[in-house]
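What follows is a single chain, given as structure tokens, in the form predicted on its own.
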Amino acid sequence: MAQQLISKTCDFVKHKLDGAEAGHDWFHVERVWKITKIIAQHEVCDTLVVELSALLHDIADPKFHAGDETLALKISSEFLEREGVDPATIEKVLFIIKNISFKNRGELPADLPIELKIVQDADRLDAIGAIGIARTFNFGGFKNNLMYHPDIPPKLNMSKDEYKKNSGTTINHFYEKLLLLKDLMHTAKARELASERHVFMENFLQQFYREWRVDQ
């Protein structure tokens, strides 16, 4: 029963995200789902909630829907209800979808459920390392942001509203988010996986600056 629901959810998400921006498409969701399952093996958790949340977490990313943070909840709730999922499970999944985003970290309650920690870790892992670099530059191109400007410093400690409106350079995004994620991981397995990816990004930035300063 659970596996059939997961299979239907995969099909639903693939269809809904057909044509989505490449950093937030089905392949992103699939990677997060796979990482989620790896982390979940090392934790005591509700695996159905974890998998459903991972699959539905970007079903309607607010960045692509005029900042609407309710649409993903509505789409997910309607889908899960159609599939006969019990209300308690739906509530847990919606809580994760609502609170997974980096920009919402300042609004989270102190005692987070392990299921949210796992899915959030998986989503953050896909935002760093080689894949994270590729996704960041893809989204920067999608937004027509500058790749880098030596006279535009990163904006640190932004509020949620400032973060949502920010259209800085792609390189600045490393300092505003990506390089912060390693130390925000909740689970031991995620911290282990994040370490290598973090070093890869640091090495990339060093090489980027060397190549940028062609005459030095």
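The first residue of the sequence shown is number 1, and the count goes up from there. These numbers were taken from a predicted model, which means no experiment stands behind them.
Keep in mind that the form predicted in complex with adenosine-5'-diphosphate is not shown, yet the notes after this line are about it.
Proximity to adenosine-5'-diphosphate in the predicted bound form, single hit among K92, K98, K117, R135 (heavy atom within 4.5 Å): Only one listed residue qualifies here, and that residue is R135.
adenosine-5'-diphosphate contact at F139 in the predicted bound form, heavy atom, 4.5 Å: Answer yes; at least one heavy atom of F139 falls within 4.5 Å of adenosine-5'-diphosphate in the predicted bound form.
Residue contact check: A127 to adenosine-5'-diphosphate in the predicted bound form, 4.5 Å heavy atom: Taking the distances in the predicted bound form, the answer for A127 is yes, it comes within 4.5 Å of adenosine-5'-diphosphate.
4.5 Å heavy atom contact, F102 and adenosine-5'-diphosphate in the predicted bound form: Contact check for F102: yes, within 4.5 Å of adenosine-5'-diphosphate in the predicted bound form.
adenosine-5'-diphosphate contact at H24 in the predicted bound form, heavy atom, 4.5 Å: H24: contacts adenosine-5'-diphosphate in the predicted bound form.
Residue stretch of 66 to 74, 148 to 156, 46 to 54, 175 to 183 approaching adenosine-5'-diphosphate in the predicted bound form, non-hydrogen atom distance within 4.5 Å: Flagged stretch: 175 to 183.
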